[in-house]
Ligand code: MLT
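Only one chain is included here, represented as structure tokens and corresponding to the form predicted alone.
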């Protein structure tokens, strides 16, 4: 049976078995929300455990008192998965930021859940190795949150999702049990791999407290190019041309409206030609092959203009055009779609989605960008001036319902890397059928029998 939020009696903050508990209005607001900004936070308290023992004591207390818990990492999520809206206790992992061990033979790093993605990358680099999961929020996003949402980012095309780099997990389940999954093994054929249930579970089964992460060798030097395209149909044709000629690490897409907002923050336009669509490609350094590809695509009419980095500073400058997008539109509190289709289906999706948004969002500023080389697109809708929150969310929800129907037809997903949370919960059925959702509920009851973990999210 799913426990309803109304069944949880409020508990005094003083009874929470964690040394650092905060209840000031500023802390409740800060820790109670994520980057979604579509839901008003209303937690009852913020608990900041410092050890696995404190996390376990907290979860056991929550079971005894039937107090709902919302696990919280860097709160950079965009689906409301870390928002506390009904008096829950937020469990922030930011005080558990230790890098516990490095194993040179296994090329593995074991860390606490609150370690940031950037800290993992820097620790890997200090040992001459590479942690490839990467995104613009690397300095704030925490490993526990990355795992809970199976975060992707800008290098999925070459390296895959967070799931591919987690060789071991230590978790506190919703029942308060401390479990260790896979123990960092490369091979382990001993039945169900519960590690993969927790990766992408959005905190609904328990709390990730430690992770063993696989590292890899440093990649070759990378070059970056940004290309201007005259037509939407050219995007995937350019991708195919570059994929044949270069070893790609990333292939990103954005529109002229998207670039407009980035340039408004002070970024510099890197070539004069204005085009409706742009792509950014990162690849193993190969200037001769890159120039040959550029010439061939220009001659065939696929490109209008472009720029190729010749130094690392130039490459970083080009990446800023892509990585500044989310920040450049944050003040608008946009409604975000995060969809995925198979790469072979991207052209059909682009055509049909473009027509859908043109008809259903007249007068709206719709910002397209994403990791299109792996089939993932982000569509952020900016609220028109004078439109209230409720009307804006209702309008976007109606269009997302139609978008979900399109994704169902194309075999796509309503969430590629941001999770379901609160925002996408009404559209889960567009990707997962009733039997699958029923099985997910049964799995939740096994690990979280009293329904205390992140209630109301995903499918509750």
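Positions refer to the first chain, counted from 1. Computed from a predicted structure; not experimentally measured.
One more form of this protein, predicted together with this ligand, exists but is not displayed; see below.
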property	result
Proximity of residue 424 to this ligand in the predicted complex, heavy atoms at 4.5 Å	no
is_contact(residue 34, this ligand) in the predicted complex, heavy atom dist at most 4.5 Å	no
Any non-hydrogen atom of residue 78 within 4.5 angstroms of this ligand in the predicted complex	yes
Non-hydrogen atom contact residue 369 with this ligand in the predicted complex at 4.5 angstroms	yes
Option from 388-396, 66-74, 410-418, 26-34 whose residues, in the predicted complex, bring a heavy atom within 4.5 Å of this ligand	410-418
Check all three, 322, 326 and 336, heavy atom within 4.5 Å of this ligand in the predicted complex	yes
Answer option from 261, 383, 378, 195, heavy atom within 4.5 Å of this ligand in the predicted complex	378
Neighbours of this ligand in the predicted complex among 205-223 [non-hydrogen atom within 4.5 angstroms]	none
